[in-house]
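The same protein chain appears twice below, in two forms, each given on its own as structure tokens and labelled structure 1 and structure 2.
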Structure 1
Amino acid sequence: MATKASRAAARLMISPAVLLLLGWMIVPLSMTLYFSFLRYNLLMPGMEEFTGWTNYRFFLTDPAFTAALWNTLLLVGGVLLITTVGGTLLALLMDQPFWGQGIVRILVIAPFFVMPTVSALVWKNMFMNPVNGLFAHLAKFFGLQPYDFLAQAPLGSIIFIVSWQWLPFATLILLTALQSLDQEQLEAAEMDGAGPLSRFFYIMVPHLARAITVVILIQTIFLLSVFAEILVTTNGGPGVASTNLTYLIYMQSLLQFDVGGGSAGGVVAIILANIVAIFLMRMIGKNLEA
């Protein structure tokens, strides 16, 4: 059993990881917090001064913030809706016996491993481009006017691209959960006369509920920080039509060099992410006890 010596050794083994993460959290976080109360622009060095809540007031009352917050919600919500519904349907389909299951599974999972800049640029150019894109060729083939996806519906197009990347993740997790479903329970229900629909709603959905929650929470964490896809497709435009919170803060800090304003935005983003994180942590924590 754990002796005093082995406890001490254990603490020693854990400490490098803990100290590093502690540093990684505390140093930049306190700097962000500190900068957020300063008037600090990299273009005007040496002019830093304490300004209280000014940065927050400017950031939160900026119309771009409202737009970005709304875009963030639409982006996260849209992708979640598409991936969880699509993922559930796909998982149900792939859970059926069919020929070539292994290969289809590989095909479906593939987009998850494509780096964000590649998938965004490929969709932007090879598919959504209004002149040379595949969709444009298709439209012309049917005698229709090609549609300029990223100019006409920038946010919708980005939602579509990001959904393509995350659908495999949702599918894979829901499929894993489906496969752990007790087959005997399903058979018993069938023998008792339950139809396919009631089997789905009364047995499968409750069983999947947990996995769906996990998918939603984890994806939300990542989706709040969508960045590369916006950078290489629309640059947040036209105007701020496809700017999310992450991209807005990036523009403010690294393109306008407004360290104070960007930091205030960073603090806001951290608070928003934490609201989601609390729910996720609770779920994972519960699982740890079981």
Structure 2
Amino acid sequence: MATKASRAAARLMISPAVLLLLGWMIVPLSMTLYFSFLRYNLLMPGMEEFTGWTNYRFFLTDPAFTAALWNTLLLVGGVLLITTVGGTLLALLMDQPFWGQGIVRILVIAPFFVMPTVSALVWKNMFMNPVNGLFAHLAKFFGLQPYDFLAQAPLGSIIFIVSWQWLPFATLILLTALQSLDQEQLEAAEMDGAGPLSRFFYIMVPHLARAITVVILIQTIFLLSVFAEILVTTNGGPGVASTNLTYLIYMQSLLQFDVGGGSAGGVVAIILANIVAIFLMRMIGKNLEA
């Protein structure tokens, strides 16, 4: 009886938080679903009408949707590749004893605490500016023509900027996992004649597999909604060369004032994000069982 009473008390105490969380999630989602079935333009108030699946059909058949979906996949895949490989290498480097190790670790982790908008502005104006940027000055110093990164390689530039922001996170997680590796195992492998590459691929990489999976899961959830870097640097251009799904929904809703079409795009983005999340969670589950 005491156990049942304690469980009931626990449920009663957490119920306000659960109800608040459900309201915070369900109310906006319900409104988005409702607006997605309406022809609702902010420039024509009071003229809303039910259109069924029309908004979804227009959004999914829009050529910009295909480009945005492809850009989103490239952005997520590119950042994951750079941060996973780079984070592993940095973790291996920082795991070695050297003078000033604590300061170096702080400097490596520091970019993760810079706001995305500030980071994008710094890279846009101080580094990638084709006239006054650092890269332009370096190109002129070596007698080369400055390269306009944001105009000629917009998506690649955004991938680089976002990777710079997320590399410290991956490094921190992988360094923590690497420090939990039993050093006696490495010493035994070295005594058996295993070289550095063999120890890395056959001992370190399997040990880091779970940490890498966690890094991929967490980063993917956030990378699917990258927005500030695109808004500050390229505005989705040239054309739709650097437009992802999040920015396409923003354009549809707030630049074209089409709330119905933007809501339909938001529902599509939520469905795609949940599909990716379910796939990654299953991958983590299999990894943890292994």
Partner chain sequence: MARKVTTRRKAVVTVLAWLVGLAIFFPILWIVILSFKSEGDAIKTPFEVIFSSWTFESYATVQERSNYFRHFLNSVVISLGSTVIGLVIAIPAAWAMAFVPGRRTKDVLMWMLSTKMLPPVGVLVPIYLIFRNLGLLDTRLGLVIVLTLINLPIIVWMLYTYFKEIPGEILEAARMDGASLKNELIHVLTPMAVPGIASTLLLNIILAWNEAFWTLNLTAAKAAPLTAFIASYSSPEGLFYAKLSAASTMAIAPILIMGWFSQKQLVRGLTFGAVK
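Here, rigid core means the biggest group of C-alpha atoms that superpose within 1.5 Å across both forms. Start at 1 and count along the sequence of structure 1; that gives the residue numbers used here. Quick caveat: nothing in here was measured; it's all calculated off a predicted structure.
Visitor: Of these two copies of the chain, point out the form predicted alone.
Guide: The form predicted alone is shown as structure 2.
Visitor: Just checking, between structures 1 and 2 and with the core aligned, does residue 9 shift 2 Å or more at the CA?
Guide: Yes; residue 9 is a residue whose C-alpha shifts (by 2 Å or more) between structures 1 and 2 when the cores are overlaid.
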